[in-house]
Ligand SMILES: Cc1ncc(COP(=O)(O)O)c(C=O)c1O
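Presented below, as structure tokens, is a lone chain in the form predicted alone.
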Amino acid sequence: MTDAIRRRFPGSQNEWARFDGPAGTQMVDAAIRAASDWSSSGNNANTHGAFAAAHATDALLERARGVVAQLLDTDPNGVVFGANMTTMTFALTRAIARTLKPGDRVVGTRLDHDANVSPWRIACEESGAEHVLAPFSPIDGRLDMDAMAKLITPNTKWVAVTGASNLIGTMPDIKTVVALARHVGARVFVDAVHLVPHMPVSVRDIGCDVLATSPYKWYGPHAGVLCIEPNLLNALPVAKVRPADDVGPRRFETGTPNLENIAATEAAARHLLEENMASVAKYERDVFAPLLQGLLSMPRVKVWGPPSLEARTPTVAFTVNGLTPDRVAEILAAKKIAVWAGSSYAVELVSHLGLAESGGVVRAGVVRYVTPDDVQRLLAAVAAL
């Protein structure tokens, strides 16, 4: 069964053990075909035309929004496609900055990828609002919920929180964060880029105002998706050209959509719906458990973040005594094992752990095509260090 699943990912059909998935996964075959089929179909046009290809373009956008909305349990009228999460978050916070004023506050966390930190910091600098970050425990990587609660004051307008740390895998209690924000009338932005690939996600259940995700982290193309509460989407003072739609997702999608990528995004979302995210989560957890335990048992290896499988994604950050993370990654790459080294853009997190000067961490992530044999290869290679 594992071999059959792995064959769905052409990019994994080589001798490499690919633990680099947290930065971007291999595309599933259906998504690759969808991009190619759309590009060769003759349907490439633009929106709102009177001819057949334009109608097909409109249908693609509507269909893709519906499938992604089904995957994330959200309103398709708020599903927005774009270049990537970072670009889209900058555009969103540019609009939000126009609604902020001196005395307002935006609360973030030090667990977050910088794409959920710097856009808010810049928006606050431009508007005169205050930007503050909640800490986390360096011991187990858990968000300090008491500190978070104290920072969410009555003048807080937005809370920006990660659904899961892209570096150490920590999954904060985002529903409690939403409740804290709602208590003072604040809105919530959830960076779910590292959450959506690994388990079922329901925007409705979370109750946030905006949720961000990246299809290239869940076997699709390089693209971004924002799920924005439709009334908020229609009310935000977004920067757009005058002919663009005044309501709905197209008011936020600047210019001509990347249609082949949207076709591929739809196919990747369908693939995950067919697989069932609960099944994906179980497979990854079963493969990841020996990896985490194996690294924890090595005396010269330090695992950063949660030491257990609870409330975490299958991503582990570690360092090896006496070797820089870059050197560890180079040695593993020579053995055809792909990992990442450094901060992985989680600069606040690495700084909070005191690892910025020493080069950050080594990051290894389990995704759908990583096998138990891959895990044993990685563990043997690290042990040999």
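What you are looking at is a predicted structure, and each value in this text was computed from that prediction instead of being measured. Just count from 1 along the sequence shown to find any residue number.
This protein has a second form, the form predicted together with this ligand, left out of what is shown; the following refers to that one.
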Which residue among T315, T109, T93, S214 has a heavy atom within 4.5 angstroms of this ligand in the predicted bound form? S214
Of H113, R187, H271, H131, the only residue with a heavy atom within 4.5 Å of this ligand in the predicted bound form is H113
Please check if E266 has a heavy atom lying within 4.5 Å of any heavy atom of this ligand in the predicted bound form. no
Mark M85 yes when one of its heavy atoms lies within 4.5 Å of a heavy atom of this ligand in the predicted bound form, and no otherwise. yes
Would you please decide whether V177 lies within 4.5 angstroms of this ligand in the predicted bound form, comparing each non-hydrogen atom pair? no
Is T170 close to this ligand in the predicted bound form, meaning a heavy atom pair under 4.5 Å apart or at it? no
Determine which one of 254-262, 200-208, 122-130, 85-93 lies within 4.5 Å of this ligand in the predicted bound form, judging by heavy atom distances; exactly one does. 85-93
Within 4.5 Å of this ligand in the predicted bound form, which residues of 173-198 have a heavy atom? Give them in sequence order, or say none. D191, V193, H194
